[in-house]
Every structure is written in structure tokens, then in C-alpha cells.
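Shown here is one chain on its own, the form predicted on its own, set out as C-alpha cells.
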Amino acid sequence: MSKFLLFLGCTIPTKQYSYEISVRNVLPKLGVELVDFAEAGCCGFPLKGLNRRAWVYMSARILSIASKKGLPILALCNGCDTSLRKIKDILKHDEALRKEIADLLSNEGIKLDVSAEVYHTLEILHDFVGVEKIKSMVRRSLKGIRIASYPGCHMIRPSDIPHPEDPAEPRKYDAVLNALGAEVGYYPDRGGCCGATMLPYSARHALLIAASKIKTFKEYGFDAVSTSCPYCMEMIDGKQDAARTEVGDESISIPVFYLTQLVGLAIGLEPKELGLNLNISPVEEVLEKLGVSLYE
């Protein structure tokens, strides 16, 4: 059984509870042991453009604690995953910054060590568990359901560091969905922004971006959307009503699921075990096709 430190970040335990619920219930069923990471704080990603040193320090702290524990990190959030990977790369090449961060960490009694490996949920499903094992465990096929895979822009950017998906040819996400029996397909701007980063500056423009994405999903004939990014989930799932109102288009509506929720459904778990009662988009439309009730 593979063992990982479960790093939730900030957004998941404060706003995106369904992601944590689905991960905690699904991954152990697939042979993945999750170890709580109580000492971890914010990865610093929100501070990246405001205080670079604080961002580097906060991610370095998480990596150093994980390295001492001798376990790899499972980062559920795309932003956290990117931040930790980027800081590993930055400190590898910047000796002066490395010394400065080491001195700061020493004040907490922490030795700088960024050797801990970092993995994203998609890598756990595709690389560690494997699509063949997932396929063999399917009890409730998603056959006949067309799902737009929307991993989130930080799954493939920036391309100068290793990422869960290949920036040039992202295939893992689709492979996992295919293993569940779902149909996938092309749509333009798959790696485009969901609008979340615009929210603090212009809520209207953020909603316009989200509305545009949802409209594209609908125009290309998808029954639902799947993401592994809590920010994308907040915009595409949680802001549908606001986006619909902003553009005055009642067609701006589509079921949205975390990838782990879809895996859980396919292997036979019930909706509440996957936090689907917390999704805001009309997930009932897909559940009905599967013969599953959200409220039982």
C-alpha cells in the first residue's frame, strides 16, 4: 500500500469540503494510505505576487517537515501542488535564497530539506493506482455519459517544472475518465482560466469567464464537467447561479464533479460518501442516469 501525507491546503478545508470527503473515502479503497499532515500550513501561493520570500518560506517549511517524516506529499490543490514543486526548483538553483530560508526556518527549529516528493491526486490515480486497476473495480459504469475533463490551468502551467499532466499532450485525466466508462472529447481552451484569479479584482469579469466556459461545455455536447482544482470547482460549480444571472442566460447550467467523486461513484460508493450533497451544480442530472439518488 502506498502511503502519502495528505496536504489539504487552505481552500479545501474551508470551502471545498466535498473534495476532502471524496479523497478520504475513495483513495483508501484503491490501496492508498493517507496520513494526516497536521503541522502543515498555507503553501504561500496567494502571497506569490505580494511577498516572494514569504511564499518561498511557507512552501519550504511544508517540504522540510515532510522530508523529516520521510513521506511524499499528496497535494490536492493545483495551486499547492504547483507552489511546492516550484519552490523545490527555485531553492535548487538559488544558493543565496536557500541560505536565507534555512536561517528563517532554524528559528522554528526546522532544518531546510526540500527533498520530499510532491504528487497530485491525478498522479495517484493514474500513476500509482493505475487505470487498469480502477477499471477492474468499476461497479457502476459511467458509460453513455459525456464528461468534459477540465483539470485546471495550474495542472499544466508553468511548463518549466514537472507537472501531473504533460503540458503538450495532457492525457492522464482523460485516461482515468475512460477507465470509468465515461466518454470524453475535445473542446477549445481546455487549459484556460476558470476566472477564479479575477475574483478579488473584478467579480463581474470572473463570472463572465466562468459563464463562457460553461457555455462552451454545453455547446460541445457534454453532460457534465470534471475538475481536480478547488478554485475551478468554486467557479464552475459554485458560481453557476451568479454567472447565469450576470449574462442573463438560463442555459448556463451543467453538473460539475471532482474526479475523485466520479471514481467513487464508479466503484460503488454512495453520493454522501463522496460529498456530492455539497456540490452546488445540478449533479442529480447525472446521478439519475446512474440510477442513484442524492438524498438516500
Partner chain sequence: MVVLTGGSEVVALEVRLLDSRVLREVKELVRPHSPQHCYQCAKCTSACTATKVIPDYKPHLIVALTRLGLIKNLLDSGIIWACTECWKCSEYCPQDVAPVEVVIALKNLSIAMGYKPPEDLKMMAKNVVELGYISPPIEVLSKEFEMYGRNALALPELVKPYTHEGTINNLKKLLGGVYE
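Only a predicted model underlies this, so the values are computations on that prediction, with no experimental measurement involved. Residue numbers count along the first chain shown, from 1.
Same protein, other form: the form predicted in complex with the partner chain, not shown, and the subject of what follows.
- The stretch among 190-198, 122-130, 176-184, 215-223 whose residues place heavy atoms within 4.5 Å of the partner chain in the predicted complex is 190-198.
- When the partner chain is considered in the predicted complex, only one residue from 91, 137, 104, 145 comes within 4.5 Å through any heavy atom, namely 104.
- Although the partner is absent from this view, residue 98 stays clear of the partner chain in the predicted complex, with no non-hydrogen atom inside 4.5 angstroms.
- Residue 108 belongs to the set of residues with a heavy atom inside 4.5 Å of the partner chain in the predicted complex.
- Among heavy atoms of residue 154, some come within 4.5 Å of the partner chain in the predicted complex.
- For residue 41, a non-hydrogen atom is located within 4.5 Å of the partner chain in the predicted complex, even though that partner is not displayed.
- Within 4.5 Å of the partner chain in the predicted complex, a heavy atom is found for none of 69, 228 and 257.
- Residues from 169-183 do not approach the partner chain in the predicted complex: none has a non-hydrogen atom within 4.5 Å of it.
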